[in-house]
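Here we start with a single chain on its own, the form predicted on its own, put down as structure tokens.
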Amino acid sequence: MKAYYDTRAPEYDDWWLAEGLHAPAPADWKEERDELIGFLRALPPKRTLDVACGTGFLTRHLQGDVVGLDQSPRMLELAGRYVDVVRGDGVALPFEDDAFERVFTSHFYGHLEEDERARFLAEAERVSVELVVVDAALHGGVERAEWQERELKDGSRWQVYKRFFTPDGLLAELGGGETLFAGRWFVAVRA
């Protein structure tokens, strides 16, 4: 997974923008993406750690003092245009207890297998009292969990584990909280 995202960094935003291999997008994709961005901009400013920040596509819309963490040097190079960045592992956060007011993560939790999920949640709880998770919504024709074959522009193919969520299902895994955003493509919850 680490090598895949480092290789994908230069084209990662194509997914968000529905360009390149991800074009054309379904009719409602861009509208819902923009609603999600608007929602993120409206979150109260806090000292936030964005775990697996990627290129910073969503990170840059968070208000307050934001630090982006990712394991990929190429992703961090891109995210560093928007926020301070730190290279590190999302399931072994290199920060002191209570270092942040919020942990935010987008499309990371859905890639974690069971043992990694437990470690990530323990780490998020250790460094912050609030966790906001944005991930892929469970919608028609998509399995809850699957191994996907993904192709990059260079023709390379990668096997990637991915899970999809209903807001209630995600909240149940996180131990409760509230739904912040529920759409066809994206869900966001606060635990």
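Start at 1 with the first residue shown and count on from there. For clarity, every value in this text was computed on a predicted model and none was experimentally measured.
Although it is not shown, the form predicted in complex with a small molecule is what the next lines describe.
Taking the partner from elsewhere, no residue among Gln63, Phe95 and Phe100 has a non-hydrogen atom within 4.5 angstroms of the small molecule in the predicted bound form. Stretch 51-59 is the contacting one of 51-59, 123-131, 27-35, 151-159, since its residues have non-hydrogen atoms within 4.5 Å of the small molecule in the predicted bound form. When the small molecule is considered in the predicted bound form, Phe181 lies well away from it, no heavy atom lying within 4.5 Å.
Among residues of the shown chain, Met75 is one whose heavy atoms approach the small molecule to within 4.5 Å in the predicted bound form. In the predicted bound form, Arg117 stays away from the small molecule, with no heavy atom inside 4.5 Å. When the small molecule is considered in the predicted bound form, Gly88 lines it closely, a heavy atom lying within 4.5 Å.
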